[in-house]
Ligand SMILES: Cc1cc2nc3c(=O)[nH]c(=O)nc-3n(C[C@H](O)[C@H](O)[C@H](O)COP(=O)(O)OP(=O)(O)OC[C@H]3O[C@@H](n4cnc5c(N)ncnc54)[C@H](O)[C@@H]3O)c2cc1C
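Next up: a single chain in C-alpha cells, the form predicted on its own.
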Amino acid sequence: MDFVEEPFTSDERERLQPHFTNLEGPVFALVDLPEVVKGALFARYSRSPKSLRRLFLDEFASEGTEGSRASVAVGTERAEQLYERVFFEYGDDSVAQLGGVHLAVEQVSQPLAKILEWGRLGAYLEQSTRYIPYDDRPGGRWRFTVPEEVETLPDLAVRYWATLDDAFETYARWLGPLQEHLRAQTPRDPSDSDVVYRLTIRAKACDALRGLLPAATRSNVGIFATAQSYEQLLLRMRASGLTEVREYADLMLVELRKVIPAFLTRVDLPDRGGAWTAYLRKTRAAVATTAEEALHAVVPEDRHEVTLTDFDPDGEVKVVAAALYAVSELPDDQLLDIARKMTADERARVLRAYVGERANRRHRPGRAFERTSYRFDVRCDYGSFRDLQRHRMLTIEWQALSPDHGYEVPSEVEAVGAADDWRGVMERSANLFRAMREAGLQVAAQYGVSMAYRIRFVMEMNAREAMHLIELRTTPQGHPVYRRVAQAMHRLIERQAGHHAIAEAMSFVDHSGGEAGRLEAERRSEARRRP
C-alpha cells in the first residue's frame, strides 16, 4: 500500500504497545485507554498534523494511561460466545449496537475520507485543511495518495506525480506571502495575543489556498462507532470501485477483529457479507448503465449555486399541527385541519411559543420541525462540499468530482498576485483528469482534481436539521463559500417556500460578510482558556 510508515524508538514502541492494535500500519484501534483519553486524542486530530500515535506520545503518554490488556480480558470468552450465538445464529442485529471501537484511519485520500464519514451512526474527526498547513513533506514527499490504478501505468504515473507535486509546491510557495498580505490588510489589535492573531491569519490563508490541493490530499480520520455501523461501512467499502477504499476495508477489518471479533463474523463470509457486497456492486453498475442509456444526449441546464428543488407548500401548517400534538388530546388529522384554518398570524404565534426564547443556536425546538423538509441542489467547490458533507443526519448524495463545473479564484489569491499560478494549477489538474479518463481510469480520475473545482450534490433535510446546518455554517468564522451556500438556503426557505415563520425561528443565521468573524472566534476561544 502507498503510505509513509512512521518510525518509533524502542522506548516509544514499549509505551505504545499496550494501547494500539499495531504500530506499523495506517489503520489501528485504541485499547486499554480511558474513554476521556480516547476522546481527547481524536479531538486533537483536527488541528494537528501529527499521527494519532505521535500525539499520544507527545501529549498523553504521561497522563496515567498505563495498563494491561489482561485487565479487560475477564469474561471475554463468555461474552464472545454469547454474541456469536445472538448475533450470528439468531440474526439479532441490534446487539451489534452494544460494542463500540475508537479506530484511527490515517493517510487517506479525500474520496476515501468522504466514504468513511458517510454513515449517520458514527462520530468522526478529520484533519482540517483550515488549521493545518500542507507545506510539509513527511517521508520526503508531499501528502497525497498515489492510487494503485495509476501506478500500473508508468507514463501516466510520472505525469500524475509531476502534476500533484506542482500543486503542492504552488500551495507552499504562496502560503507565506499570502499571510504577509493578510497581516497588512488586518493589523494586529494591541489587545490580541500573538497566538490569536497568528492562528487567525494562518487559518484565513489556508482557507484561501486549499483549493490548490488535489482530492488525493491525505488526511487522518478518527472514528468512534458501533459494531453495526462498522459492518455496514465495511460492506460499502468492499463494493467500491477504488482500490484504495477496498484495501483500507481489509486493514480495518483486521484491526477491528482484534477488539470486537464476534460482531464482524459476517463481513467476509461468501453467503453473508460477500453476497451483500455483490448486491451493492451490481446495483451500482446497473444504475450507471441505465443512466448512460437514458441520459447520454441530455445537456445539463444552468443553475444557481443553490437551488431549492422540492418543498411542501403546506409545510409550515404541518409543523404547527405537530407542535400542538403533544399538548392536546386531538388526533393528528384533526389538528392538521385546525392548523390549516388558522390565520398566518395565529400559526406564527403557535410557532413562536414552540420555539421560545433561544439564548444561543444550540437551543433548538423539538421534533415538530421534522414535519416538513427541503431538498437543495448545490454546486460549490469540493473543499466546501467536504465541510457540508459532514452533516450526516440529513440525506446527501453527490456526483463524481470532475473539472466540468469550473472553479473560482478567491479574492485573497487575486489580491496577492497568485491568480496566474492558481489558474495554471487548475489547467494542469483538468488535463490530468482527462488523461486518466482516456486511460480508462473512470473512477480514479477524481484523485487529481483540485479541490477548487465545483462538485454537484443534493442535500435533503427537515426544518430542524436545516436550522442546525444553516445557523452553524453561517457563523462569521466559517469558510466564505459554505457560508454563502447556507445563507442562500435560508433565503430560499423564506422566499421560495414561503415558510416565513420557520425562517424567522432560525434567529442565529448570520447574513453578514463575516470578514472579522474568525478573529472574534479566536478571541473567544482564548478567553475560555484563561483561568
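All residue numbers are counted from 1 along the displayed sequence. The model shown is predicted, which means the values in this text are computed figures rather than measured ones.
Just so it is clear, the following notes concern the form predicted together with the named molecule, a form of the same protein that is not shown.
(request) Although the named molecule is absent from this view, report whether Leu235 comes within 4.5 Å of it in the predicted complex, heavy atoms only. (result) Leu235: no, not in contact with the named molecule in the predicted complex.
Item to complete: Could you confirm whether Met436 comes within 4.5 Å of the named molecule in the predicted complex, counting heavy atoms only?
Response: Output for Met436 is no: heavy atoms all beyond 4.5 Å of the named molecule.
Practice item. Look up in the predicted complex whether Phe385 has a non-hydrogen atom within 4.5 angstroms of the named molecule, and give yes or no. Key: Judged by the heavy-atom cut-off of 4.5 Å, Phe385 is well away from the named molecule in the predicted complex.
Notebook entry, point to check: Does the named molecule get within 4.5 angstroms of any non-hydrogen atom of His490 in the predicted complex?
Noted result: Residue-level check for His490: no, no contact with the named molecule.
Could you check which residue among Arg379, Arg392, Arg349, Arg358 gets a heavy atom within 4.5 Å of the named molecule in the predicted complex?
Of the candidates Arg379, Arg392, Arg349, Arg358, Arg392 is the one lying within 4.5 Å of the named molecule in the predicted complex.
**Item:** the named molecule: the contacting residue among Leu175, Ala123, Leu280, Ala415 in the predicted complex [heavy atom, 4.5 Å]
**Value:** Checking each option against the named molecule in the predicted complex, the one that comes within 4.5 Å is Ala123.
Among 462-470, 50-58, 494-502, 37-45, the region lying within 4.5 Å of the named molecule in the predicted complex by heavy atom distance:
Answer to the contact question: 462-470.
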